[in-house]
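A lone chain, given as structure tokens: the form predicted on its own.
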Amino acid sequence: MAAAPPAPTSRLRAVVGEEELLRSRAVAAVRAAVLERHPQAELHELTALGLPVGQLADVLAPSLFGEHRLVVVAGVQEAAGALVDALTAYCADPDPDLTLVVVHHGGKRNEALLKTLTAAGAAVDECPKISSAGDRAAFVRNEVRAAGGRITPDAVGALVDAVGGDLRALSSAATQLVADVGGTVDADAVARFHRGQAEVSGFTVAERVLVGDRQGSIEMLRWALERGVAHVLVADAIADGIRTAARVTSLNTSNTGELARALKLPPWKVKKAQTQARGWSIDGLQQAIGVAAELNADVKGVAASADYALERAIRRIVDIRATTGRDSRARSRY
């Protein structure tokens, strides 16, 4: 269930599958590998939906400064035909000083592009949906082991029951439990953890951020941190909320059932995302996704203070909503 290690000589890579966390980890692994070999590499992360072919051509063109480049094109299953043609043409003669990562969320649409990449020698990370109880239990055990701990069988079941099937939430909870317990995680530790998280969680903070409540967001953040909610839990919840709002907004329908089927999300999550997306523009959400990506790195050690990084990111995201959102455009007409 982990991403394959990046091939040192691979200039083309495909990350394919429905599981968002595994896709994110696969891209992060490639990014880390590229930066390890090329510390000054240029990084370009693009969303295929609505991406102009000219913008793609600009980042794929040879660098004037001779630096290695990493270009990630996410969501290519939603790419327009012209963009697919441009990527297909690039695969015929890839730049040796550029690593191209194409991310596909699964399904048949634009599947031919993946075949072209594979035929051109691309390395492939498979990120299948983790949906069975056995797979989720195995995922939890692996996350606890990776964090340096052990977990009893009854604790695995208790954690999945308490947190649910969301892999990001399971991963964050497993990591936090190991940090709290410092060794073997048992069912009692899971019960204590779940009771503490019930008061306030990263998702509580994310909800206030997405609706543009600056003061409420900061208050919820400080409250959560005081109660021991991990920085990464808050950052992941903010990123998940923004990404879900962006996915809901990008489709040309407001029908909850249609959105749930298209996005493969439960209807309750779609309704919640629709509410949180009000007042946002697509451009604003794309900018907010960039801020959330920076925050993810900051809370994992890049920033000197994870507390400050979270507050700064929250303020930036709320400001983006205020200046680029639909509400701001409506006000500008009067």
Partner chain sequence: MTETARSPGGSAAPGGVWAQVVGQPAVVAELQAAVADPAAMTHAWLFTGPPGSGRSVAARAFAAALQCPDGGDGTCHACRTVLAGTHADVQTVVPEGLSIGVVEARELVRVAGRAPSQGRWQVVVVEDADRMTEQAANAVLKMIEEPPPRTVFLLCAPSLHPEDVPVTIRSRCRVVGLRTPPTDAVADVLVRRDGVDPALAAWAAAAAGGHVGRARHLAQDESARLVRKAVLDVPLSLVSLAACLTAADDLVGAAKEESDRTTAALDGAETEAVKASLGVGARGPGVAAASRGAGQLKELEKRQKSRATRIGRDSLDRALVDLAGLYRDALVLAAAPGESLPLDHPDRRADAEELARRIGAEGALRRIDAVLACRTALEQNVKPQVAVEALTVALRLPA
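By rigid core we mean the largest C-alpha set that fits within 1.5 Å across both forms. Numbering follows the first chain given and starts at 1. Small disclaimer: the values here were computed from a predicted structure and weren't measured.
One more form of this protein, predicted together with the partner chain, exists but is not displayed; see below.
- Of the listed positions (292, 34, 60, 51), a single one reaches within 4.5 angstroms of the partner chain by any non-hydrogen atom in the predicted bound form, namely 292.
- The partner is absent here, but in the predicted bound form a heavy atom of 246, alone among 178, 83, 246, 155, sits within 4.5 Å of the partner chain.
- A residue is said to contact a partner when one of its heavy atoms sits within 4.5 Å of a partner heavy atom; residue 250 meets this definition for the partner chain in the predicted bound form.
- At the 4.5 Å threshold, heavy atoms of residue 302 reach the partner chain in the predicted bound form.
- In the predicted bound form, the partner chain sits within 4.5 Å of a heavy atom belonging to residue 239.
- At least one heavy atom of residue 286 is located within 4.5 Å of the partner chain in the predicted bound form.
- Stretch 294-302 is the answer when you ask which of 23-31, 294-302, 269-277, 40-48 has residues with heavy atoms within 4.5 Å of the partner chain in the predicted bound form.
- Heavy atoms closer than or equal to 4.5 Å to the partner chain in the predicted bound form belong, across 125-159, to no residue whatsoever.
- With a cut-off of 2 Å and the rigid core superposed, residue 283 has a Cα displacement that reaches or exceeds the cut-off between this form and the one not shown.
- Once you line up the core between this form and the one not shown, the Cα of residue 47 stays within less than 2 Å of where it was.
- Once you line up the core between this form and the one not shown, the Cα of residue 57 stays within less than 2 Å of where it was.
- Relative to what is shown, residue 125 and residue 247 are farther apart in the predicted bound form; their C-alpha atoms differ in spacing by at least 3 Å.
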